[in-house]
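One protein chain, two forms: both are listed below as structure tokens, the first as structure 1 and the second as structure 2.
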Structure 1
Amino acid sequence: MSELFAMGNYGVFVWSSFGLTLIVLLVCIAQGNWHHAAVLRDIKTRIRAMELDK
């Protein structure tokens, strides 16, 4: 089993590549969701402000 993960002594390189890829994908997802939520929040704030003005 450990041989399977050792990747013929290239384990560090192989696993760090795959790990980094996973991290970048997760960051892309999180960044997108965060940005979307921020835009929605701004719009809501503006609408509330407009309603108070009335």
Structure 2
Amino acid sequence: MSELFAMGNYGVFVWSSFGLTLIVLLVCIAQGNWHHAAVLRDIKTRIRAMELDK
């Protein structure tokens, strides 16, 4: 099992690149969710404003 993590003395580079990739993917997902929520809030605000203008 330790050989799996060591990967021929390249384990530090391999596992750190996996970790960095995971972090980047999680940040992208979070930003997408935040942007989606902001767009929905903007749409709701515009709909309310249009209803008040009637």
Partner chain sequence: MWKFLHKLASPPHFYDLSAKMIPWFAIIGGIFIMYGTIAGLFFAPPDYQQGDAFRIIYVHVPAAYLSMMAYMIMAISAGIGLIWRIKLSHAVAAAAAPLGAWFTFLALATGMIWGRPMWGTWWEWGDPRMMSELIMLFLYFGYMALRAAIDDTVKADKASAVLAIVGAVNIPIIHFSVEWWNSLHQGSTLLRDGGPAMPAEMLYPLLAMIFGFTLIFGALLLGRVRTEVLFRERRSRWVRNLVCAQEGRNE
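Being a predicted model, the structure only gives us computed values, none of them experimental. Numbers follow structure 1, counted from its first residue as 1. For clarity, a rigid core is taken as the largest C-alpha set superposing within 1.5 Å between two forms.
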property	result
Which of the two shown is the form predicted alone	2
Rigid core superposition, L22 Cα moves 2 angstroms or more between the two structures	no
Core superposition between the two structures, C-alpha change of I47 at least 2 Å	yes
